[in-house]
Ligand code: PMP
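Taking the form predicted on its own, here's one chain by itself in structure tokens.
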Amino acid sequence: MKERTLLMIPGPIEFDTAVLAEMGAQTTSHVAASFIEAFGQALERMRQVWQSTDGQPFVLAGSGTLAMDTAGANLIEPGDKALVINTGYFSDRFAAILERYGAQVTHVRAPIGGRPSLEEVEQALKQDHFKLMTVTQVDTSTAVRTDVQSLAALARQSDTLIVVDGVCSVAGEELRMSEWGVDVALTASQKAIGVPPGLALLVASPKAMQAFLARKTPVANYYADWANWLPIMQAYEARKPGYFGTPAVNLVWALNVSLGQILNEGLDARFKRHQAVGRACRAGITALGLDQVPLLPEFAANTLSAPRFPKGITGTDLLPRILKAGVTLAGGLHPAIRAEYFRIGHMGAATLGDVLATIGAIETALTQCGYQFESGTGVAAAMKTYHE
């Protein structure tokens, strides 16, 4: 019997063995020549993965929320106006962060499982001048994916900075930072980047850095202040030692390995793989007769899925049985529907085999709960869709 289950939650994910090997390696000094080289290379590779020709990468020890906090702290001053394109729980969190730094926040909301139309966003941008607009590319609470490219075009027309919360999307969903005109794109290491939890990752465009340098008030967050971190990032990229706070040494080693793997796979190939795996998972869910949180197929993320429980079956009934069948899944997160659905992560190193094992475990659990369906339907649909 296996001693562990397949981890298919929306982060932390299953990690590649080469990445995990770096976590178990002997820790070096943060100013050792070998580490300086690895850190500098990781920063250069971040630009490539983010597809940012001239952005400034930042690597901080912390979670994805720290990356969000860093963007808000450095770009917002008291009284600034911000527009939040709201698609769920983490859009609300970004709004709370911006308000903490004194922003006047306006939301453009959609029904749960939906996303605001481009017309609604364009109209909101015409109503006032916003310094900053936030977009959650994939909200981990709803599995809803936004159209970042089109939203960025609207932001540029309004001379508004666009900050993309890519915690559940960077390196899994298509994001072309420079080409699309995105000003900040941020993520966390434990998602599609493929590194254990502990790194907040962010790339800021020259326009975002200019806005930061033009601030009239000090950054209210000492740890997140780019003024403290920028010289350190510049030093490591120039292959020189630097110190403000001790970096998460082994995580940075692992990050460099994972970024190298991502680039070796090729970004376009990686995006297509995530699309294929995501479509397969959704097809398997649909074949079993389960509804999903995203209201339309084009709203659905490629990095995670959010099936609704069948009528009469609860998370307490189903999720422990899925776990017993060998797969760990996540419960609901959005407060308004938390008990109505569950979440499947399929990003990073996730394969078709992982999805088939997951759908198979769901089938086993549904059968044990007395749910009526033709056995093997979900697995067959996932397999067929993947190969189409």
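Residue numbers here begin at 1 and follow the sequence given. Computed from a predicted structure; not experimentally measured.
The form predicted together with the ligand exists for this protein as well; it is not shown, and the discussion that follows is about that form.
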- Residues Ala82, Gln104 and Ala124 all lining the ligand in the predicted bound form, heavy atom within 4.5 Å: no
- Item | The single option of Ala306, Val184, Val195, Val138 touching the ligand in the predicted bound form, heavy atom within 4.5 Å | Val138
- Report the residue, out of Leu75, Val163, Leu98, Ala188, that has at least one non-hydrogen atom within 4.5 angstroms of the ligand in the predicted bound form. Ala188
- Query: Residues in which of 36-44, 351-359, 63-71, 322-330 have heavy atoms within 4.5 Å of the ligand in the predicted bound form?
  - Reply: 63-71
- Does the ligand get within 4.5 angstroms of any non-hydrogen atom of Cys168 in the predicted bound form? yes
- Query: Taking heavy atoms only, is Arg93 within 4.5 angstroms of the ligand in the predicted bound form?
  - Reply: yes
- Query: Counting only heavy atoms, which residues in 270-295 are within 4.5 Å of the ligand in the predicted bound form?
  - Reply: none
